[in-house]
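Here you get one chain, nothing else, as structure tokens; it is the form predicted on its own.
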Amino acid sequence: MKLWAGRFGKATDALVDDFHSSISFDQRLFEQDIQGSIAHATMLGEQGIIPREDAEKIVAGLKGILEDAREGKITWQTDSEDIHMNVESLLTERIGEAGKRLHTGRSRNDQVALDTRMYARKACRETEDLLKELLQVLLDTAQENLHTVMPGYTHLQKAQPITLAHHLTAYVQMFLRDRERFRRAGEAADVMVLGSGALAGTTYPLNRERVAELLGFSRISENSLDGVSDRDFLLDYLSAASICMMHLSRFCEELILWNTNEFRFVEMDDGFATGSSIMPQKKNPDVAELIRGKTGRVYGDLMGLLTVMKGIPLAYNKDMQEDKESFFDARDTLVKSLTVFTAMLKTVTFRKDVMEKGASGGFTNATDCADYLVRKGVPFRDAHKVVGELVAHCLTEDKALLDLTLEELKSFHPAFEQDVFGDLSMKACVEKRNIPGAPAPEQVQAAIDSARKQLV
């Protein structure tokens, strides 16, 4: 019999039992549910709301259930609907009448909100740790490549020379922002809502601050309606997860491109690639492609919950049961993606020689050539025109700027002198960009040092 069956004259239809039940997915909240119940029962006993001996029996019984659940000794029952009813039914079965007092001053509405917040806090901390590991790999790789010159791109066309370290630290900045977003999402989840009841609190003299203390929450909710109906903290997590997956996807897209025969900037490790069932020469970057594909899945989780929440009147509605599958799926997908991406990145071989050769093509030093003329007193717009004409000439002659003689350069503008050749080397082009945020090794080293401090 359902624990709420007193008002009903007949049992629910078997189809409804299956459709209504959430135990298939919310069973992963068993630790949070039991820990929350232990704190609630402890407070009930301390407040004299239930007899202290009953509170002690409840706590002991819950700890036994928690231990058994961790060891996989419990089979959760569909006819008990959800993890909350499963735990309460099992508790009463084990300790008798005292178990029926557990739900005093509590509703499943504030109970599920509490459990989900506890799980979300844990998920945010977990994601922060995974991002820290990824950032350390990125920073170590950048440190090793302070002087590895490569072409920078706009519109997927070679633009200006940079270093691999500079490129990698761009992603460092992205993932640092991701880490901060998960920190804020964790703060949003760090609100103890138990005591909100179904929607209007309770007549029992609950000590909500005591429950918050026992569960490690920094504060309690200030409105019971909002306490049971708020899922913004999950949307914060899903939004952060979507942005983080977008960053992973962008990085994967570049690795996929760089792994092609056309680029040859990287070599993917055999352990993180697959072959073809028909083409024996193939080595496919499937891990990177899967992460790129799974990004859309996490976007879907975010849009799904936003859509569920958009038309729900206060306070709790059964629609909100749909929050957990989206959240759990996004969390699982992100954790797997971060874990495998970090492992893959550790094994990538960056082909420095090919990168440096690539930087020399495509007139990546054209801007520096214009800047050279500016330093000789030529207005920038005039210098821009002169270098554009030089590039057109080089394309006709199948030459690079550094292949031209001084006489050829002077035929386009008399300001060119012998020192232009040293000024247009790839090394010089990078090292001259020596302002904060630019690719000069000195500046990239400062960026690496700053990022490391943020990870402490």
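All of these numbers come straight from a predicted model, not from anything done at the bench. Note that residue numbering begins at 1 and tracks the sequence as displayed.
There is also a form predicted together with arginine (ARG); it is not shown, and the following applies to it.
Contact annotation: arginine (ARG) lies within 4.5 Å of heavy atoms from the stretch 105-113 in the predicted complex, the single such stretch among 215-223, 281-289, 105-113, 349-357.
Under a 4.5 angstroms non-hydrogen atom cutoff, arginine (ARG) in the predicted complex has Asp26 among its neighbouring residues. Proximity of Phe251 to arginine (ARG) in the predicted complex falls outside the 4.5 Å heavy atom cutoff.
A residue is said to contact a partner when one of its heavy atoms sits within 4.5 Å of a partner heavy atom; His84 meets this definition for arginine (ARG) in the predicted complex. The closest heavy atom approach of Ser89 to arginine (ARG) in the predicted complex falls outside 4.5 Å. For the options Lys294, Arg179, Lys324, Arg101, the residue carrying a heavy atom within 4.5 angstroms of arginine (ARG) in the predicted complex is Lys324. The contact with arginine (ARG) in the predicted complex, taken as any heavy atom within 4.5 Å, belongs to Lys318 out of Arg375, Lys73, Lys318, Arg381.
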